[in-house]
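Form predicted alone, single chain, as structure tokens, below.
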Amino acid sequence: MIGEWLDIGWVNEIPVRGSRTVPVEGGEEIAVFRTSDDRIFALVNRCPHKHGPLSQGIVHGHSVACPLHNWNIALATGEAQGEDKGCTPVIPVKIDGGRVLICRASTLKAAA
């Protein structure tokens, strides 16, 4: 059902190895990432360490490096990698006809 998903735009509007952000009214911004192999991931735009904006980090493989302290966050799970501990909420994503859709319920839950 399309009402369960928010259409946030075309895949090609997200830069390869980059991101774009989606504001959430009354909640936390969502960062949507595109990897070099054209996979799309979405996380709350907040590092679990010091709440740095993950959308401003460098995407490498299927991870993003936080711009504040270089914590590496797995895009698929939101988990900090290596010695670091913490997790950022993951927002389910699907692609339909080249359009990026994020799960409405998860977006609202992350905003709560």
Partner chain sequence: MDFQDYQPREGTDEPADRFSGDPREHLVVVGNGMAGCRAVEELLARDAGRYRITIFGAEPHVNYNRIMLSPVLAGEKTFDEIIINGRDWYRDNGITLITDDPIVSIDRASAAVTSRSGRTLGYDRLLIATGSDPFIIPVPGKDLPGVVSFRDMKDVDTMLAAAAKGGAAVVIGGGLLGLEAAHGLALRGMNVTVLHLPGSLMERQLDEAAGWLLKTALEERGQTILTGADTAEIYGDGKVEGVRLKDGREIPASLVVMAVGIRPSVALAREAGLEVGRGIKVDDHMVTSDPSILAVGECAEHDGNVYGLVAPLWDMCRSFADGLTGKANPYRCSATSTKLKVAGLDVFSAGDFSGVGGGCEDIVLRDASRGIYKRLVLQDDRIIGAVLYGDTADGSWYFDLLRKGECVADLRDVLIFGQAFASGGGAADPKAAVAALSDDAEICGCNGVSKGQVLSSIARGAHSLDAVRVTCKASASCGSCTGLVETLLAITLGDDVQAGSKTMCKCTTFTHDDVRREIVAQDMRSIPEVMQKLHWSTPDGCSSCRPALNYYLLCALPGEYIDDQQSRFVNERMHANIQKDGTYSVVPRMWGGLTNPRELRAIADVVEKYNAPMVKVTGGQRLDIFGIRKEDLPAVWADLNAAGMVSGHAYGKSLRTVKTCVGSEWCRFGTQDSTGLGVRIERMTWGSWMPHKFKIAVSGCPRNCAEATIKDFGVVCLDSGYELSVGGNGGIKVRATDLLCRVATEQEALDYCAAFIQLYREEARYLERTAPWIERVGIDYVKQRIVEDEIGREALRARFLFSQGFSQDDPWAQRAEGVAREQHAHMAQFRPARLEEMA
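Positions refer to the first chain, counted from 1. The shown structure was predicted, so the numbers you read here are calculated from the model rather than taken from an experiment.
There is also a form predicted together with the partner chain; it is not shown, and the following applies to it.
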Hey, in the model of the complex, does Val22 get a heavy atom within 4.5 angstroms of the partner chain? yes
Considering only heavy atoms, tell me if Pro92 and the partner chain come within 4.5 Å of each other in the model of the complex. no
So, in the model of the complex, is Asp84 in contact with the partner chain at a 4.5 angstroms heavy atom limit? no
In the model of the complex, does Val44 come within 4.5 Å of the partner chain, counting heavy atoms only? no
Residues from 28-44 in contact with the partner chain (non-hydrogen atom within 4.5 Å) in the model of the complex: Glu29, Ser36, Asp37, Asp38, Arg39, Phe41
